[in-house]
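Have a look below at one chain only, the form predicted alone, in structure tokens format.
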Amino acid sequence: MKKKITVAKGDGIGPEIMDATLKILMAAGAEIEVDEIEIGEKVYLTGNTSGIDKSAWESITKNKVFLKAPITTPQGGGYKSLNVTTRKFLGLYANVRPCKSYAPFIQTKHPEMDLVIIRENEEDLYAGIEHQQTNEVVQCLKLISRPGCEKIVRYAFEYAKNYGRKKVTCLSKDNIMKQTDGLFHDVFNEIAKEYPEIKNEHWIIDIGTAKMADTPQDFDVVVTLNLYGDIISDVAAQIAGSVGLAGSANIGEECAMFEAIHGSAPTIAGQNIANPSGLIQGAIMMLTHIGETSVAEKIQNAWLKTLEDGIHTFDIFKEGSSKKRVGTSEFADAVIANLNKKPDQLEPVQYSPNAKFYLPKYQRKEPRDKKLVGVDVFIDWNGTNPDDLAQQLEVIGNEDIALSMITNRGIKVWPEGFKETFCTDHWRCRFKSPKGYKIGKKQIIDVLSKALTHNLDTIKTENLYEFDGKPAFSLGQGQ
């Protein structure tokens, strides 16, 4: 019985590379039935700011497997990225991006590169929650949850275990973002203990990225947060040979989506020159996901053989090493001609049909002791001297909750600030119990009421909590 999958041909080069990919799948004997939907730019331009209609969602949620070509998100007009929306609506928490070099047939400085980046796919700055708060300052909220961390970190270790990988590397920036990235690193350390047979390590994202660009062969499986993963997977794919060769799987508890990692490339659309390899790789990952591992092997080995034969599209064609420059459809024909063949120099693939991931449902922990100890009140104020603002703020506190600090763009400017520090019109004003006592929200409301009386423009508040007696909020820089 054929597996019904949902297919979207997308925008730009999408229809061309999807037609080429489907042609290969059918020629290889994939037991699939295609249910095509319309999404992307055409839907956006009808006035649907989501880029997808109800019937398309119904197809995806019914079939559970979605093969998607690149789409274009119009700029401006309140449009949201359908890629991000799909991942979050369907709970596709794990983005899996293999990055492997194919030297000497594809030019690269890193011929031994073979790593997999596993990117958290639902949280972080991709929550897309942004606000303009003053004339000069816009904020974006970085949201990290324990369930999100546990799911993606466990998936990374399970992936390593099932695919014979030896090491999992965590990348974060917890030396700066101690609460958000700190949680991710803490969860990584907790779960790593459950897999003693797999080596684990942690790198700060900046030096880790530099090391990956220099010596990618030192990495095996990399797990990281959403934004970092988006960036480093493109870096890794490019230094392996080309972003155009990389596919991507988006895995959830019920549904999965497969795609190329590149965009819709409208400037070359309709010219039959785009490389379909990224989407072919995404489709191969889809086949292994639905259990058609023998067909996936057949296509992957034929694709490797085609690269070996020097039959290349314009993006990877190199005079002197490539043998024939072909278009999109001709590349697909070459892969089809190589079905049932294996590469001679590149290592043939063999996919295990028995991968079993242990991915238990998240179990909510017992709540910790939570104590409200203060509040950060954000104020829109056009003055330049923090001492002047402090004088106004000190009168709105009381013996239970008093001004303790003012920061501007995160740096402490009162008390004992530096006159050299440049300040915007956006001020974080921290009120805390002078004696460290627990306070109630009534005290916070009292502070806000007095601020209103004194014509102070409060634009936002953040409550300050301790959990099990430990502060769960950041200090000001310089504090």
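What you are looking at is a predicted structure, and each value in this text was computed from that prediction instead of being measured. Residues carry their position along the shown sequence, with the first being 1.
Omitted here: the form predicted together with a small molecule. The next part is about that form.
Requested in this report: Please pick, from A274, C99, A156, I284, the one residue with any non-hydrogen atom lying within 4.5 angstroms of the small molecule in the predicted bound form.
Outcome: Only one listed residue qualifies here, and that residue is A274.
Query raised in the report: Here the chain is shown alone; which of A94, I71, I280, C149 has a heavy atom within 4.5 Å of the small molecule in the predicted bound form?
Result: Only one option qualifies, and that one is I71.
Query - Partner proximity in the predicted bound form: K305 to the small molecule, non-hydrogen atom cutoff 4.5 Å - result: It does not: once the small molecule is placed as it appears in the predicted bound form, K305 has no heavy atom within 4.5 Å of it.
Query - in the predicted bound form, T267 touching the small molecule (heavy atom, 4.5 Å) - result: Although the small molecule is absent here, T267 would touch it in the predicted bound form, with heavy atoms inside 4.5 Å.
Query raised in the report: Should D315 be counted as a contact of the small molecule in the predicted bound form, where contact means heavy atoms within 4.5 Å?
Result: D315 belongs to the contact set for the small molecule.
Report task. Find out whether any non-hydrogen atom of N83 is located within 4.5 angstroms of the small molecule in the predicted bound form, and reply yes or no. Result -> N83: contacts the small molecule in the predicted bound form.
Query - Residue stretch of 368-376, 256-264, 182-190, 196-204 approaching the small molecule in the predicted bound form, non-hydrogen atom distance within 4.5 Å - result: Among the listed stretches, the partner-contacting one is 256-264.
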